[in-house]
Ligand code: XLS
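Before any questions on how it binds or moves, here is one chain, the form predicted on its own, in structure tokens.
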Amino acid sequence: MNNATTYRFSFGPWNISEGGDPFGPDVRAAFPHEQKFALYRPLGFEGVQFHDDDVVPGLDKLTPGQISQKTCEVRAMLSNQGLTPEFVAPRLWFAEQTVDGAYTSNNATDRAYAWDRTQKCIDIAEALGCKAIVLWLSREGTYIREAKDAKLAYQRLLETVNRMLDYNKQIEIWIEPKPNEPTDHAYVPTIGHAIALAYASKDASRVKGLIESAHALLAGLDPSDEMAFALAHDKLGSVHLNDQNGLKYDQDKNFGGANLRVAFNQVRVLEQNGYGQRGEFIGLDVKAIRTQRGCPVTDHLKNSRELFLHLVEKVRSVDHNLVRQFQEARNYEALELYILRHLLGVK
């Protein structure tokens, strides 16, 4: 058990978002994107997660010089606020060319667009002083299985990973798996698939995974087990902690908001295995409740961070000798009661 880790926290500017409701009116006013950086440090966060067009809006219509200039401006903003860019991800799910997949599209022109956008993303990350590229393969799948050759699709994903590794010898690639939405069935739905791609790549040491709690739950899996699997292979690049109420749409609830015990076990596996000792971030990907008023709305981030730290103390104050005794005796009923009483603060 490591009791010395001082955790660093990150979130993306999309987590302080506009108040649009898909079934009704806006409930919150929009908050200017670049003003969000000033909110990080007061909330206890120092890492910023980015999509490429969070750094450079409208980058598809800009020249390389314009992209470089805007990236330098954002890097200066981060420096002024004492913030660190954690990663940059190519946003490959909004463009017309990526509706039917980006790297796995049946259309060669669309695949070429995806690669061009990926190169721009890598260049932006380098100019921003960031070495991690996150691949959320959101459109890489199908609504009907006959629409694509799945074996060819996986080969194309591996070819893309290898091209990225060749394009920049310093970057790390963090694959963020998700089983569905916006596609019906996605390729690379779990961390096991992501790590298999890593080992198949030409430089497995630079290909890792990023695990989001809700994505694991949507696959019917336990997020702490997914994290443990990645940690066992030394391939947990980062985490996106949040919560999920059942196998529904991706809800991005406050961490621990739906299942406190599941949250406890995620903290437990991270804490027990020294996650964060090498500077890894605790990333939060939580959204404000749709009906929450205010501007800017940040309590969902503050509250999730606070709960994580409360659970760190719960993990550190577990009586590990007693837990081992229960384990050795296979007295799992007693073990479960002890954990529940511990979480409730009952002596």
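All residue numbers refer to positions in the sequence shown, first residue = 1. Just so you know, these numbers come straight off a predicted model, no measurement behind them.
Unshown form predicted in complex with the ligand; subsequent notes refer to it.
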Inset, instruction - Indicate whether D285 is a 4.5 Å heavy atom neighbour of the ligand in the predicted bound form. - result: yes
Inset, instruction - Mark K178 yes when one of its heavy atoms lies within 4.5 Å of a heavy atom of the ligand in the predicted bound form, and no otherwise. - result: yes
Inset, instruction - Report yes if any heavy atom of E212 sits within 4.5 Å of a heavy atom of the ligand in the predicted bound form; otherwise report no. - result: yes
Inset, instruction - With heavy atoms only and a cut-off of 4.5 Å, decide whether A89 touches the ligand in the predicted bound form. - result: yes
Legend entry - Listed residue that, although the ligand is not shown, lies within 4.5 Å of it in the predicted bound form (heavy atoms), from W115, Y154, F229, W93: W93
Legend entry - Residue among R28, R305, K36, H51 with a heavy atom within 4.5 Å of the ligand in the predicted bound form: H51
Inset, instruction - Would you point out which of 192-200, 154-162, 98-106, 170-178 contains residues with a non-hydrogen atom within 4.5 Å of the ligand in the predicted bound form? - result: 170-178
Legend entry - Heavy atom distance at most 4.5 Å to the ligand in the predicted bound form, all of Y7, F255 and E313: no
Inset, instruction - Within 4.5 Å of the ligand in the predicted bound form, which residues of 250-275 have a heavy atom? Give them in sequence order, or say none. - result: D250
